[in-house]
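Given next, in structure tokens, is a single chain: the form predicted on its own.
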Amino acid sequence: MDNGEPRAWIVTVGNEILIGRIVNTNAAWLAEKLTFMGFRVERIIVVPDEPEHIAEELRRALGRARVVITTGGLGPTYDDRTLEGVAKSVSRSLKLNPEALEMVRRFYERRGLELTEDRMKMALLPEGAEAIPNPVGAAPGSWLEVEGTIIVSLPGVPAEMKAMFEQHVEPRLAREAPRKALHECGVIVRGVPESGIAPYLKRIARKYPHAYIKSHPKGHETDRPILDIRVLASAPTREEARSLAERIIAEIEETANGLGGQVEREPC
């Protein structure tokens, strides 16, 4: 489904993800958020904690994606170098941001802790960036717009990332997203191989360009096949999106019945 939606990239930073120690739940959460806001998520990329790798991916996004969200690498340790990579990607330097420094100072002051050099490191933002408040943790985020691309950098701790996105990032990005509604429906089809229904789904998808149709096999291709077919419909209003999704699901249901399948339709 591509109806002129602004593009979004998600860049997750962290060696712990690349070695399989941590599952990238942040990207999945952000992808759903951005999709239902009206963005087209075009890339989800995982890079190591190295500024050169971070900068390489961000340079690719400049002028192509309307928004890039990075997660991870904003903390006080030696390998938290995401903002160094952001700065490098746009040929800018890191500077002590007064607003970010005040956020960090207040966080540790409330806990009776001093503002050490390592803690001050979290207030170093790319030149020209705005600090994003962190209502949960210590590290501020960063908002930087260059060449028509907004680069938002958030911490990797899920609770911090989610709170910052919902309170401070989502309201601003909503101005960039098209005013439309999305609605998702699904249907379970038993007894029809994915390869058997694929050409019919392709035909239906071409008929409805404002919807994304995807089948997810849950069983064996030929031995008792089970398909979870999802429909994500887009329209100017919620009711129109729901109506479109229901219409598509009805066609899929009719097709699956014609192929000898057993259909379990979830409420739309």
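We call the rigid core whatever largest set of C-alpha positions still superposes within 1.5 Å between the two forms. One-based numbering along the sequence shown. Values in this document were obtained by computation on a predicted structure and should not be read as measured data.
Just so it is clear, the following notes concern the form predicted in complex with a further copy of the same chain, a form of the same protein that is not shown.
Taking the partner from the other structure, a further copy of the same chain in the model of the complex has no heavy atom within 4.5 Å of any heavy atom of residue 63. Within this chain, residue 218 is remote from the site of a further copy of the same chain in the model of the complex, having no heavy atom within 4.5 Å.
Although the partner is absent here, residue 43 lies within 4.5 Å of a further copy of the same chain in the model of the complex, judged by heavy atoms. Contact check for residue 20: a heavy atom falls within 4.5 Å of a further copy of the same chain in the model of the complex. Contacts with a further copy of the same chain in the model of the complex, taken as any heavy atom within 4.5 Å, map to no residue of 109 to 133.
When two forms of a protein are overlaid on their rigid core, residues whose CA moves 2 Å or more are considered shifted, and residue 53 is not one of them between the shown form and the other one.
With the core held fixed, the Cα of residue 10 is displaced between the shown form and the other one by less than 2 Å.
Figure legend: C-alpha atoms of residue 37 and residue 210, shown here, are separated by at least 3 angstroms less in the model of the complex. The gap between the Cα atoms of residue 170 and residue 234 is smaller in the model of the complex, by no less than 3 Å, than in this form.
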